[in-house]
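As structure tokens, one chain now follows by itself in the form predicted on its own.
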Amino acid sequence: MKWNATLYDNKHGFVAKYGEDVLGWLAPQHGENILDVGCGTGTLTSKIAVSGAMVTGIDASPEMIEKATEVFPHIQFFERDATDFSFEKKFDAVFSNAVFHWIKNQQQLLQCIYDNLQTGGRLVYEMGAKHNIENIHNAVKKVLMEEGFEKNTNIELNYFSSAAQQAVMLENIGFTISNIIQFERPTELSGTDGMKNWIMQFAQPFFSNITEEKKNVMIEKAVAALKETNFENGKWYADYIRLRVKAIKK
């Protein structure tokens, strides 16, 4: 998936905003060695650095890493696959916000993080939970079906886990769960084109091999359908359900 770093920052700042609350679970300390997995444009990575921690950011998107390096030149950022990375020194903590649900191989992801943590190190993350953005995905898939693009509805875009599923996987790898919660968080989208911009950024793979003109028409149809469920008091909302976890490597 190709990420538009400018659109991400300008229209989807809520991702980093809500991520600041997850930092409370991380509680970074001065001198700690911390990794931000899926750092995006580096907004939360820079907030971790304010604590005095030595923070490193990794992301699979070259566009994101380029933007992060440009904006925060004092922090080290690397283009890395979250399921296959290693560093010379193990980390005291690993942090991630709104990233894990983009990674289908959760077992390999969590195992790689485990291998890069110090014993006693902590993993803190938030991701989309089971039934996350179900209204939006269903609306897009309905339009795809109506327009004759049934094959595109089979694209596996995200992995949305329940708290129970994630806990079992973490414990099987060797983590001990410290805290885990699953909760609804309807999230306001910016501006009158909030839903359109969300679909263009986060649902783009569903429109693979479809012309730009046709894609735009289909997105408009999906947006119109979503007005019944995701538009309230003149504002667009994404039907987010989140899963937040803190786990320790014993």
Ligand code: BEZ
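Keep in mind that this is a model prediction, so the values were computed, not measured. A residue's number is simply how far along the shown sequence it sits, counting from 1.
Absent from the display: the form predicted together with the named molecule. The rest refers to it.
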Could you work out which of 160, 149, 72, 114 is the residue within 4.5 angstroms of the named molecule in the predicted bound form, going by heavy atoms?
160
Taking the named molecule in the predicted bound form as the reference, which of 110, 123, 139, 133 has a non-hydrogen atom within 4.5 Å?
133
If you check in the predicted bound form, is residue 202 within 4.5 Å of the named molecule, heavy atoms only?
yes
Residue contact check: residue 198 to the named molecule in the predicted bound form, 4.5 Å heavy atom
yes
Evaluate residue 98 for contact with the named molecule in the predicted bound form, applying a 4.5 angstroms cut-off between non-hydrogen atoms, and reply yes or no.
yes
Contact label in the predicted bound form: residue 236 to the named molecule, heavy atom within 4.5 Å:
no
Per-stretch contact check against the named molecule in the predicted bound form, the hit in 78-86, 141-149, 99-107, 164-172 (non-hydrogen atom, 4.5 angstroms):
99-107
Though the partner is not shown here, which residues of 29-55 have a heavy atom within 4.5 Å of the named molecule in the predicted bound form?
none
